[in-house]
Each structure stands twice: as C-alpha cells, then as structure tokens.
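One chain is shown next in structure tokens, namely the form predicted alone.
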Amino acid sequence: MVAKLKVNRAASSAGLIVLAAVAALVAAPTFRDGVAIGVALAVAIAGVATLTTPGLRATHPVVVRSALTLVVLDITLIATYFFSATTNFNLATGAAMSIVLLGLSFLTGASGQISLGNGAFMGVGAFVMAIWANHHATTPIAVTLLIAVAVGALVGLLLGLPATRLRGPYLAGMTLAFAVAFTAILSSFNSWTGGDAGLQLPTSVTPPRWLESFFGSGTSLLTTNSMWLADITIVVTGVAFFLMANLFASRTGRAMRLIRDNDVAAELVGVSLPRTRVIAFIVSSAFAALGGALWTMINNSVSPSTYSFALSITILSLVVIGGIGTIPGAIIGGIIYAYSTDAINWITNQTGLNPQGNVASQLNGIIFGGLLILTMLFAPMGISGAVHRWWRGRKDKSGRLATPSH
C-alpha cells in the first residue's frame, strides 16, 4: 500500500513537472526564458514532492536535506532576478556572514568551546583569496575558495592543538590573543598583505560569457544588479549549510554534543576528546575562512581594519542573538548583519545625528549590544530557540485540544 502511494505521488509529480514546463514555454516571451522558468519550476516541484513524502525523513534524511537545500536555493536564485542591486549586495553579504556564524555556532553550540577569534579566521580566508588572486588571476573562483578554506582549516588546526588542554576563560583568552594580534601580523607582511591599505582584486568577478548572453547582450542583469555575486554566494552558502547539517547529524556531531554535555561520559564511551575538539576548531575556522573569502569577492578588496577584534565580538553576538548551535540561528544572524547598515543609516536620518559624530560611529555596537541584552533577557536560546519553543507549545496545545477528555 505504501509502495503504491509512493508510485502515485511520483507519477503526480512527474505530471506536474511536464505541465509546468509546457506552461512556461507557452507563456514566456522567448524560448530560453521558458526553459529557465521551466527548470526552476521543475526543481521546486520535485523538491516539494520529496519533502512531503511520508516516512522519507526517517529512512533517508540526507535525501530530505538535499531536497530542502535545492528548493531554498531555487527560490532564492529566482528572487535575485527581481531584486535591486542594493538588495542583492545585502543578500550576498548576509549569506557570507551566515557561513561564518554557522562555523562558530558549531564550535560553541555543538562542542561547547568558546572562541573570540573567528573574525581573525575570517580575515585569513579574505587575505588568502586576495593574495592568491593577485598572483594567480586565472585560477577559477571555486579553486581559489577551496584554497582559502584549506588555509583557514590549517590555521584552525594550529590553534586547535593547544586548545585541547584549555577550558573556559583560558581558551577564550587564547583565541582573544589571536584576534587582537591578527591585524599586527598582517601589517608585518606588507609585501604580501598591502599593509594598512590592504589589497584590491586584480579584476572584478564577472559571469561567463555564455551565461551573460543568456540574459541578453550589453549590460546584463548579472552585472548591473549584482546578481552574479549574489548567485555565487547563495550557491556556496547552500552547499556549506548542507554539509554542516549532515555534520550536525553525523556521529562526529553527536560525539561533540556529548562532550559539551559531559566530557567524562564521552570518554567512557570511547570518544577521543582531543581529536574531537580539534575537528571542531578546524571546521569552524574553515567555515569562517570561506565567509571571509566570499566577502573579498563581494567587495573586490580587503583591508586589515575590517577584521579587527570588534568583528569577532560582533560575530559572537550575532550567534547568540540568532541561536547558538542551530542552523536557522546562523541564517537569522546573517540577515540581521546584512541590514544593520541600513538600520543605522535610517536611525541617523530620523534622529538627525551627525554621521561623522561619535554617537553615529558607535551605533553599530550600541544596536548589537542592545539586541544581545534583550535576547539574554527574553530569549536565552536566541531567536530561533524562541520560535522553536513557541511552535512546540502551539502544537502541544492544539494536540491537547484535539484529544477528548474522559
């Protein structure tokens, strides 16, 4: 019976995909527009059908995560076609930051280790991206991003090894020292990092000609709307979140949560504390480096002042506000960061503050500090934790109302 239902569902989905493809080809002004719309609709229908298949989450969770990732990417990539250049830039910036937040959320939320140096890890990836691009301009973007991730993971390994013997404030102090010293380290290698002025990418990231021609000749939407940078960042973010979701659910993720809750019990069941803690540092720094490399690509330049200790504090604050140890929390934190500049400009315009004054220059810290205090008071588990708690309470309440009393 279950097999028959699955066959019927698959047949219905295939029929919907065919109808959507035909409708797109008929309604679209050009054939290539129809093909693009048809493919987008087909991915959405297939993904939703997979997500709504009964019992699939329990038997094949990786397939469900893959379908969810494809559906979200499909919707978001379509949305960038209609967004303005400013919105696409904010979307790309928030997506890159969400990768960094996800790495720190894994380190602190899953393994219970405190880090105040993820801004510096982010800077490692940013400068590796810029340095490599200046010396090897023809290297594909994907390869350059992988190199930045590898160097970031190596730095995480070097800091993670001594971290296996440190706990609590001592671990926080070690990562704090790295974050504070990072800008000085960059200034010591002027020939590589460009000193205080930083580095500019030799050429801006441009879409391939075959893809640009698909959107029309001349000034394509891919470039005028910052659509190309947003699309690259969104795809990389989707892959990063998919990998992290699987890591959270893997044996390694479960071992890290056990160490966080009770390291003695973890050792008794055979979990290697040093190895697991080092893995957490490597993963966190690799994700931070990936976010930093994307930032360099988005802004087409990098400066040491960007990756100061203040950025590490901002990252930690955003993780707490969004929800430590949760994937939605990283997304929420990225969205908050993406629109924080717009919020500051709006407050400055509404209050008549001098943009160059002391108060306006400190608004960023004031806003994040205020949000952090409010989160600790009213939502200790972050925004995602509060929403999850509310949703569970709502379901429990509806379940009790639906159950007749005897």
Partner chain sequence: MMDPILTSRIMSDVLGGLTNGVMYGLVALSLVLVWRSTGILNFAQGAMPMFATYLGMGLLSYHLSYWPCVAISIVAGFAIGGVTERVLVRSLYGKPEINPVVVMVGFLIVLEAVASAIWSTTPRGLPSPFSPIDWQIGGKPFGLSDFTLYEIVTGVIVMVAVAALFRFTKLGLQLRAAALAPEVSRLLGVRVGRMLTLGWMLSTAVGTITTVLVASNYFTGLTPQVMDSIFAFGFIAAAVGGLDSPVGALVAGVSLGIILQFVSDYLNSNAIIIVALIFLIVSLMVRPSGLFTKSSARRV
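Worth saying up front: this structure is predicted, and the values here are computed from it rather than measured. Numbering follows the first chain given and starts at 1.
Below: the form predicted in complex with its partner chain, not depicted.
Using a 4.5 angstroms limit between non-hydrogen atoms, F178 touches its partner chain in the predicted bound form. A residue is said to contact a partner when one of its heavy atoms sits within 4.5 Å of a partner heavy atom; T80 fails this definition for its partner chain in the predicted bound form, lying far away. Looking at L166, you'd find a heavy atom of it within 4.5 angstroms of its partner chain in the predicted bound form.
The closest heavy atom approach of A184 to its partner chain in the predicted bound form falls within 4.5 Å. The listed set A36, L51, L372, A44 contains one residue whose heavy atoms approach its partner chain in the predicted bound form to within 4.5 Å, identified as L372. The partner is absent here, but in the predicted bound form a heavy atom of L377, alone among V62, V26, L377, A58, sits within 4.5 Å of its partner chain. Shown alone, this chain has one stretch from 344-352, 63-71, 36-44, 361-369 that lies within 4.5 Å of its partner chain in the predicted bound form by heavy atoms: 361-369. Every residue of the trio G173, V264 and I313 has some heavy atom no more than 4.5 Å from its partner chain in the predicted bound form.
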